[in-house]
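Just the one chain here, laid out as structure tokens, in the form predicted alone.
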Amino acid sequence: MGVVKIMLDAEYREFLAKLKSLRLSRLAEVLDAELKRAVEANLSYLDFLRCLVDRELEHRQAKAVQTRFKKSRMPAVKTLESFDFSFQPSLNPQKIWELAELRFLRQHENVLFLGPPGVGKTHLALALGFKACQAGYKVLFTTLSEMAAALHAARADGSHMSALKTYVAPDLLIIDEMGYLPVEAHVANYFFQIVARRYERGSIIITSNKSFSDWGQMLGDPVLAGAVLDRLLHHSTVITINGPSYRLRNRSKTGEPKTETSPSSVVTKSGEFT
């Protein structure tokens, strides 16, 4: 009996090795548990095989979301489920949940979140970006200052065309914090080129603390600002948030801001990192 068990163990280990060689790593990890469950539930061969395939697909889909999230450069996982709509009564939750259906992405439309600092603009932008990652879209997150620095460096070494493609290629480009810092003329021009090249080809989400009437001053050129806004607003949803700051509310009794947990390397089927 001992010899038989040793032979079976050897065959089992060999089978696991074959699964891993076929890059079915998740299936190899859950095989033992799924075998026990199949025996207990008296599953048919087909049902057992279906369960194994489902586990492997879930794992691959989760890994794909994780990869897209990392490439997006989004600083944290934010979800609409964790957004406190009751704290911002000026915001229409139904409109935000409609955006979460990602119809705007399929139709190459834009979303602009306007409002003072701390009202949740970035949270909503990141939440929609994460939804897009889950749905298989390529996303890139940047602040206007980061994009300006990258384009300025690219201009210096002659790689500005390649840098422009970085911001034109993704399905969704998220530009955060427009209006917090002045924009140099060449950066404003590059920004226009990015908007123009993405026009009716890819979606942009922008967060800004400036009203549209201030964009001429922000970009240093009213004519250029008009051309940018003409393209951004042609197919767009504009969400204006007027309310108190989440950051002030979330400060602890000692006056220190609460810390956020950063995402780890594993994402579940629901899209939450664990």
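So that there is no doubt, residue numbering starts at 1 and follows the sequence shown. None of these values were measured; they are calculated from a predicted model.
There is another form of this protein, the form predicted in complex with adenosine-5'-diphosphate, and it is not shown here; the text below is about that form.
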query: Distance check, G120 to adenosine-5'-diphosphate in the predicted bound form, heavy atom within 4.5 Å; finding: yes
query: adenosine-5'-diphosphate contact in the predicted bound form: Y137, any heavy atom under 4.5 Å; finding: no
query: 4.5 Å heavy atom contact, P93 to adenosine-5'-diphosphate in the predicted bound form; finding: no
query: Touches adenosine-5'-diphosphate in the predicted bound form: R247 (any heavy atom, 4.5 Å); finding: yes
query: Contact stretch among 153-161, 121-129, 99-107, 191-199 - heavy atom within 4.5 Å of adenosine-5'-diphosphate in the predicted bound form; finding: 121-129
query: Heavy atom within 4.5 Å of adenosine-5'-diphosphate in the predicted bound form - qualifying residues of 69-90; finding: K78, S82, F83, D84, F87
